[in-house]
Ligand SMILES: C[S@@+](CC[C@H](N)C(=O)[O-])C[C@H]1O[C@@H](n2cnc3c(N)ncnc32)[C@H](O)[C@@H]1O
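Taking the form predicted on its own, here's one chain by itself in structure tokens.
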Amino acid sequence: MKNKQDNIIDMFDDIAKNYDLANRVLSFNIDTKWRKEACLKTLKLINKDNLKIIDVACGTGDMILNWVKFSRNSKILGIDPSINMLNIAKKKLPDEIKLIQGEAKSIAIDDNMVDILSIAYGIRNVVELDSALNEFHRVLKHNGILVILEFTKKNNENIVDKIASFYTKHVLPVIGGLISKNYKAYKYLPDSINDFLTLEELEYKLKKIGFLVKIKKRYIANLCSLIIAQKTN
């Protein structure tokens, strides 16, 4: 019998073919801007070349495209548990980018090896969240940078937040379902946001592990959050 994590992976395997199109339509293409900004802010903060970068839950490779474009002479690795997502990524990315199938809770990299680890819209899909965050800390070098882009929960909603929440809960599943032919997968999105952490709760977890949050920002009616944190111990 499959567990919850296996079912999530199967869901992404099923929607992989239309995943990029659905993202562009549902976010009005704004998700590309958020990824670009996350990469540029991170590279400005770390301010060096020849980096070792891992993108966890890399999906179809959109975040990696930004690392390729904006970092210099970097070695970039993409990791994702969905083989169908990785197959799409292989077609989009340069041949020198290495892609491997794997999960966030268990990264096949030695300790203290990575300058930057990014995860964009993937951390809320990790069932064993604490294990994954500890794994990120393990593989990063001292002063290495963790970049998280994610849809986070907000407890106290204003009117703009409520409008965005209505779109996410009621409109997005219908459009996503039509594009992907999998309504259940896009019904999962608002449910997964509601089951996830607030930005403040995520920041607290990172601080407990040994990260110092350097940058945090909310986007689009506080639905999407960016955290850039540095490993301090």
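Remember, it's a predicted structure, so these values are computed and weren't measured experimentally. Note that residue numbering follows the sequence shown and begins at 1.
One more form of this protein exists, namely the form predicted in complex with this ligand; it is left out here, but the text below deals with it.
Put simply, residue 59 is close to this ligand in the predicted bound form: some heavy atom of it is within 4.5 Å. Looking at residue 126, you'd find a heavy atom of it within 4.5 angstroms of this ligand in the predicted bound form. This ligand is not shown here, and in the predicted bound form it never comes within 4.5 Å of any heavy atom of residue 78.
Mapping the unseen interface onto this chain, residue 211 falls outside it, with no heavy atom inside 4.5 Å of this ligand in the predicted bound form.
The contact residue chosen from 114, 89, 120, 146 relative to this ligand in the predicted bound form is 120, the criterion being a non-hydrogen atom within 4.5 angstroms. The stretch among 137 to 145, 69 to 77, 157 to 165, 99 to 107 whose residues place heavy atoms within 4.5 Å of this ligand in the predicted bound form is 99 to 107. Taking this ligand as it sits in the predicted bound form, the stretch 2 to 39 comes within 4.5 angstroms of it through a non-hydrogen atom at 5, 8, 9, 12, 19, 23, 35.
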